[in-house]
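Starting off, we have a lone chain in the form predicted on its own, written out as structure tokens.
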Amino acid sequence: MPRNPETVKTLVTGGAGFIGARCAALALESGHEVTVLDDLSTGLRSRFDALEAAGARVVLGDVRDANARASALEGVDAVIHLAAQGSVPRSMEDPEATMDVNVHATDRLLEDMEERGLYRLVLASSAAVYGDVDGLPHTEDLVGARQSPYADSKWANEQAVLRRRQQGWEAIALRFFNVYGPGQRSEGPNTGVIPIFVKKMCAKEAPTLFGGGSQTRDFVHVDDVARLLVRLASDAWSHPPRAVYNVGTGKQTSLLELVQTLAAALRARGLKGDHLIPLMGPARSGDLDHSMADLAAITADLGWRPTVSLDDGLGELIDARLGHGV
């Protein structure tokens, strides 16, 4: 367990990524010592450099590389493991690469941790593991047939966490639903639908809804996610009874409703036009039809609930893009 609950030396793998960078920054702001490991394959150099300037120790390297892992784990008390190949479409195109990064490298990381007597782990899983299960909201104990190699890889990660907990580790996996917020890229393999839509609609381009827009998602703000990650890595261990918890809002929003909400916000800011009406495209393989988290377990066991509403989060993104051209 962490040696000092007030100042915890935390490794954030994938720390130059969207969630990782916010998590690392929050840990630094909270007074913890932070190491960031990232190969910048999808993470940004600007985030990497900003975290180093803020006081983080940075390790440029691939989580699959033993030397990079050894350097990153030096002197660490807890690990927040976010490094992954996070794209469902890419996992369909190259399942072997996805399993190599997400499963094999994670297994090696856990072995390295054990060799160093390091047993505090917070690992990012995904709502993708729910697959084709019927009914909403999604509860942690009921999953269906997984729809992508990415989902398979996250399920394997969860099983690794379960095994380590059975060995006495302070380990937990979090099933992220659709995380969004400031700093999320609007292009690249790991981006989300919200930054794509915001960028297009603010630039007076119509967004495309694949599959008609009836698909629903549970959008959770990155600040709520980062707050939970840092807390689980640094607080005294409360021995939560589950190995896996949902992290979402408990609310579902269709992609069509998302576009309509963005359009209303843009009209309220004086932007009008046909670009606020979405185009339609074919459904994409591997995507889930519907998704919404059941928060009963995480609320009861960890006392966590999200605080940022979707309207507020979207308004923040729109204002940032219109005001600063980011």
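These figures come from a predicted structure and were not determined experimentally. Just count from 1 along the sequence shown to find any residue number.
This next part talks about the form predicted together with nicotinamide-adenine-dinucleotide, which is not shown.
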Non-hydrogen atom contact Asn178 with nicotinamide-adenine-dinucleotide in the predicted complex at 4.5 angstroms: yes
Contact label in the predicted complex: Leu40 to nicotinamide-adenine-dinucleotide, heavy atom within 4.5 Å: yes
Exercise: Asn246 in contact with nicotinamide-adenine-dinucleotide in the predicted complex, heavy atom 4.5 Å: no
4.5 Å heavy atom contact, Met113 and nicotinamide-adenine-dinucleotide in the predicted complex: no
Position in contact with nicotinamide-adenine-dinucleotide when the complex is considered in the predicted complex, options Asp62, Asp301, Glu257, Glu33, heavy atoms within 4.5 Å: Asp62
nicotinamide-adenine-dinucleotide: the contacting residue among Ala72, Ala83, Val79, Val230 in the predicted complex [heavy atom, 4.5 Å]: Ala83
Proximity to nicotinamide-adenine-dinucleotide in the predicted complex (heavy atom, within 4.5 Å), stretch among 238 to 246, 149 to 157, 162 to 170, 113 to 121: 149 to 157
Within 4.5 Å of nicotinamide-adenine-dinucleotide in the predicted complex: residues from 7 to 28 (heavy atom criterion): Gly14, Ala16, Gly17, Phe18, Ile19, Gly20
